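Same chain, two forms, each on its own as C-alpha cells: structure 1, then structure 2.
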Structure 1
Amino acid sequence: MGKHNHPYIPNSQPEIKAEMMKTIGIKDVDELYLDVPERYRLRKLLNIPRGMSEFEVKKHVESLLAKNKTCAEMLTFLGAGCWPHYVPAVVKEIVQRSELLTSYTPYQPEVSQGMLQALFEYQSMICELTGMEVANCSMYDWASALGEAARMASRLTNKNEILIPRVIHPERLATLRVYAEPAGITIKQVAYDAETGQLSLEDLKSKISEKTAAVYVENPSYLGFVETQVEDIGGEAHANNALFIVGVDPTSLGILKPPGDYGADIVVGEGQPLGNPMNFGGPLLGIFACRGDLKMVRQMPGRIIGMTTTKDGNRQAFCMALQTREQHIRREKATSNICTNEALCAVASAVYMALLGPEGMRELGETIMYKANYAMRLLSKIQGVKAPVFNSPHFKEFTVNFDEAGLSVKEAHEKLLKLGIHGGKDVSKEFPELGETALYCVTEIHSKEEIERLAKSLEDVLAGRC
C-alpha cells in the first residue's frame, strides 16, 4: 500500500478516490473546500503519532482508563445531576438479556412485544410515581426533557415566555436556551430568597404576564433544598393561564408529594437514579409526563406505548402509539427533534421500580433524607463551615460554605482528594453570591462511617492538620 492508503478506509485507495472525483465532477479534493478561505486551510501533514497495532491500542487505552477512579475505589460525595446510587444485580442481569439489549429501539415495533411491554410498564410506573396520567417512554436526559417541555408549553398556549428559577443547573439552563431560541421562546429567571433559597413569589408575580407560556420549578432544587411553595407557584401560573412544569429527582417521590397532586401540568426529571449507573456521565434518562388532556398528549414529544388486544380479543398486545411526533417519521413537521431514545435505560428503570415497589421507594427516600441530614449536622459542627447555606429542608444534596474557614472550595477539594475523598461540586462560579460554596451529595450508598470519615477529614483539612 502507498503512504496515502489506510487499511481500514477503502476510499483512501487512489483509484477509488479518482473514480469518486470523476463521478461528482471535480479534478481535485480541494475543490470541495472552495468556500473555505485559503488562509484557513492546513497545507501540511498533521502531527499525529504513527498507527498502532490492535495489541498496542489495547495497552494504550487500558493505561488511560487506569487514570480514572470509580466510586468503588474512592469515596465520593459528588452529585449535581448524575448521582451515585446502588444498582441491584437483577437490574443489570435483565437489561443484558439479548431480547432486550438488541431490540431496545424497535423500528418494527409490534414485532418486539416483550420490549413494548417493558416500556409500557415503565410509563405506567412513572405515571404512578409522578401522579400524572400519561408518560412517554423516555427522553435523552432531564435537560432535553425540559427543553421539550418549554416548546410543548409554547405550542399549547401560543405564548413565547418561560419563567424558570435562578437556582437551576447551568448546563440544564444552557440546553433549555438551545431548545428555546429557534422557537422564539424567551427565558426569564425568577429570583430566590437569600435566607431559604425558596423561589421569590414576589418576583414571580412581578414577572409573570399574558406572554407567559409556563412557569418551571424544580423540587428538590439543583442546590438540594425542597421547594415548599409549589402549590402557590402552580396557582400563580394557572391564574395567568400558563402551564405549570415541575422538574423532579424521582428518588424523592417516595416521600415527597407527587407533582400531579399539586397541580403540575408537565413533569420532567432525570431517571438515572432509577437503576442506571453513572457511567462517567451517561447515558442518562429523561423523564417526561403530563396530564391526560388529549390536546396535551398530542403535543407531547417522543413515543408512547399503548396496550390493546389481538384482533380476536383473546390476547393482550402492545403497540407503538403516537410515534408520528418524532422527526424520523414527520421530519420538519414533528413536535420533537428526538430521533432515538433511552429505551434500554427506561427498561432498567422499570425493573428497578418494580423491584422496589411503593414501599421500597418510600424507604429509599427516607434513607437518603436521613443520611443527608446526618451529614449536614456533622459538617455544620466544624468551625468555619456552614451546612447547609439555606434554611430549608433538603433532600440528597446540600450546600457547604467555607467562607469563615478562610479556605477556597478548590483548596479544600484538592486536600480531600489526597485523603481519598471526592468532595462536592464547586458552585462558587455558578452562584458567586454564595461565596466559597460546594454542593455535596449523600445517598443510600453512604454508610454512617463514611459520612463521619468525611466530617473528620474536612475538619483536619480546615484545621491545617493535612
Structure 2
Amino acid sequence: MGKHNHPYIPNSQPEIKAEMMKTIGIKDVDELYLDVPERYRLRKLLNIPRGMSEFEVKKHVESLLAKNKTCAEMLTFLGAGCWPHYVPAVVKEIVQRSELLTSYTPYQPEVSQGMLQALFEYQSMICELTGMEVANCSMYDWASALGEAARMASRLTNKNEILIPRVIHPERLATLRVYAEPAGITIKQVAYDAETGQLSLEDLKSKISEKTAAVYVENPSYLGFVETQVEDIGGEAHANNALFIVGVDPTSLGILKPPGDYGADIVVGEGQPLGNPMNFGGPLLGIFACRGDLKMVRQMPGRIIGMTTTKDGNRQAFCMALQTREQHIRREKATSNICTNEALCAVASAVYMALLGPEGMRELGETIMYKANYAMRLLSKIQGVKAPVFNSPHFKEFTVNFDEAGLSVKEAHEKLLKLGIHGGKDVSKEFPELGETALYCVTEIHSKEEIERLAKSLEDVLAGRC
C-alpha cells in the first residue's frame, strides 16, 4: 500500500511491518500462507473496485442514496411490519455511544455492566408492557421470533400442529414455514369472519384437537383490526392443552389489554417501532416473552440477562443467565442456534420506553389510534372507497378498498405517487377475496393536515381530476 498505512490498519506501515516480520522470523507475509495448497492461493486481485478516500466514499454512497426518494420526501402511509415513528434524538445519541456500539456479547460481565444492565432493563420493560414475566434480550425480528415460538411450543407440548390465523403477514407466514417444517410442525390456518375479520371461532373449534401444540393470534392483526375474542381463543387453546401465542405491535400496548392479562403463554412481536428507524426493513427487533415458570423459561431461545451479585455478595450486578440453553454450551441440543441478536436495537427500545413512561405509552397508543381512525373516517367518505373493509375496531393500520371506484390499487397508487404521496401496501394479491385493497398505516407522525391532504388527493384521483 505504498509508504502509508491504511488508516484502519496501523501496522501496514512498511517499517512496522518489517519489524514484526523480523520478530516472527519471516521475510514476506506470504510465508504465513505456505500451508495453503498452492492451487487455491489467489494470484490475482479481486474484481472489486480500488480503495477510495473517506471523502470519495462519502460522496459515492451519498450520491447513490440520493437516487432514492425517502419517506421524508414524500407523504407515506406504509406500515405492514415496519412502521414510521419518530425516534427521539436522545435515543440515537445513546446507541451511538461507542462503548455500547463497539462492544460485543458481554462474555466478561465485569467490564460490561453497562450493556448488561441496559438489556435487563429492556427485558423488564417489555415484561411490563406485555404483562409477561420473562423476556429475552431480542430475536432477529417478529417473523423469526414466531418461528422460534412455534418450535418452543412444540417442544413443550410434545405436539406438532400450530393453528394460525388466515390474516397474517405473508412474510411472517413464509418465515414460520421455514422454521417449522424441519421440526416436523404442520401449520393450519384458521378462517376469519368476512364481516369483521375476527378469527372464526367455529373454524378454530373444528381445527383444534389433541394434536394442537399452540394457537397463534396477532393483536392488532396484520390488517390492522383489534382481535377482540382473545379470551375465547386462549381458553380454547388451553382447553386442548395447547399453548396460546400472541403477536403484538408494542405501540398498541399502552391502550390495549396486555396479552399476559388474557392468558398468553408466549408473546412475540416487532420492537422496531419503539425507537428504531425503518432502515429499509432492517435491523428489526424481535420481541420474545413468556410466562415465568421454569419449564417454559428453560425452553426459551436466545440470550437472557439476569440480576445477580458480586461473589462477595456486596453489590448488585448483571450477567447472562441460563446459558445452558444456548448453542455455545448445549450445541446441537440447544433451544436455538441464535448467538448474535439485535441487542443495540433492544437498548434503543429501552431508552424509548423509559422516555415515554407509562403515561407516554398510553398517549402514544391513543394518538396513533385517533389519527388512524381519523384517516379512516375521511377516506371512507370518498365516493367508491371502503375504509376499513372490516367492521371492527382498528388501531394504526386499516384496509382501503377501491372496488367500487373502478380503479385498481396499483392505478390509485401510481397517481398518488405523482402527487408526492405514497399510499399503503397493495394486499390484493395476498387476499384476493378482498378485491382491490390496500393496507394503510397512520401513526403519531402524521399530522391532521397531512391526513386531509391524502383524503383530498385520493378524492381527486378517483374523480379522475388527476
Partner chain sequence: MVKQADWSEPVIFELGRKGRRGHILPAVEEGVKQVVGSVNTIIPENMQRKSKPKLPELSEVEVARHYIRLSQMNYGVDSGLYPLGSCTMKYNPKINESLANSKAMNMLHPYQDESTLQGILEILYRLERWLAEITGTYEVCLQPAAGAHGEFLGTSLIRAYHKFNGELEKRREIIVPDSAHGTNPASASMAGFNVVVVPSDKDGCVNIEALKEAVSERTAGLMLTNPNTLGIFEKNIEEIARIIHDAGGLLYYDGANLNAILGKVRPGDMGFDIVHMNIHKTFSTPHGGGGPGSGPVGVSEELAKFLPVPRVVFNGERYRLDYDRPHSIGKIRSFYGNVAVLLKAYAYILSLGNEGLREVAEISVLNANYVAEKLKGIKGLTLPYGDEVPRKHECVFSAKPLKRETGVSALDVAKRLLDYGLHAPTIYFPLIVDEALMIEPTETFEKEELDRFVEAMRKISEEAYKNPEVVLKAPHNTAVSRLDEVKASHPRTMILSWKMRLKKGGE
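By rigid core we mean the largest C-alpha set that fits within 1.5 Å across both forms. Structure 1's sequence is the ruler for residue numbers, which start at 1. Just so it is clear, the structure is predicted and the values come from calculations on it, not from any experiment.
Source of structure 1: the form predicted on its own. Once you line up the core between structure 1 and structure 2, the Cα of residue 419 stays within less than 2 Å of where it was.
Superposed on the core, the two forms barely differ at residue 432: its CA moves less than 2 Å between structure 1 and structure 2. If you fit the rigid core between structure 1 and structure 2, you'll see the Cα of residue 448 move by less than 2 angstroms. Taking the core as the fixed frame between structure 1 and structure 2, we note the C-alpha of residue 64 moving 2.9 angstrom.
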